[in-house]
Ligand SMILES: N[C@@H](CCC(=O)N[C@@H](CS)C(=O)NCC(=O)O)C(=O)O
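A single chain, nothing else alongside it, follows as structure tokens in the form predicted alone.
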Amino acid sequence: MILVGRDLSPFVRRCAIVMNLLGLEYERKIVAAAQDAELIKRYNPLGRVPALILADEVVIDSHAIIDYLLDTYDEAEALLAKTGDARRQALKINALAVGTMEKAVASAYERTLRPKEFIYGPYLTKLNDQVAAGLEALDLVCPSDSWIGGATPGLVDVSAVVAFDQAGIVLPELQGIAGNLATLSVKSEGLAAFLETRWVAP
């Protein structure tokens, strides 16, 4: 298996952490969506990451990739329950975290890719407010002394940590509103599955 994309993308990073937690062997193809769009289109016609190259197909989008990984390799349901209330609650939190990532990425694109004279202030403010709301909501479901999913990290912990860390890159001033998430992020650094994927600017 080859995971296409770099860990600056929260969507790539959450796939990498899931693969690490499942103990899978895989390769990395480190490319950036903004600079390597034509190359990425070989795997995804939209030019978006992540993509997971398998022996006989390419899986695109982090939701589909993680669904494949859990369906294929998480027989013990260590990261996500197969059915029931626990699954629905986990997917609800996961959706909130991924939505927070999406708004943080949109905020970054608005400020770094759009010419300054064309930035629409009210839209940027709305994006930043959505990131803040997402972090606050995630913080409410995050215990102060354990993983969200229980004794071991699950998919919800992966997505919550990645959302918080992404906010730290894009909107560091917002991290102060999420104390429990900050604690969870520090806790995650104790596991190689998380630490090895933490983005370090070149």
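Don't overthink the numbering: it's just position in the shown sequence, from 1. Note that the structure is a prediction, hence the values are computed from the model and not measured.
There is also a form predicted in complex with this ligand; it is not shown, and the following applies to it.
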Candidate stretches 132 to 140, 171 to 179, 47 to 55, 145 to 153 - the one whose heavy atoms come within 4.5 Å of this ligand in the predicted complex: 47 to 55
Proximity to this ligand in the predicted complex, single hit among L124, A78, V105, A86 (heavy atom within 4.5 Å): V105
Given this ligand in the predicted complex, answer whether the residues F11, A33 and S62 all have a heavy atom inside 4.5 Å of it. yes
Within 4.5 Å, heavy atoms only: does Y120 come near this ligand in the predicted complex? no
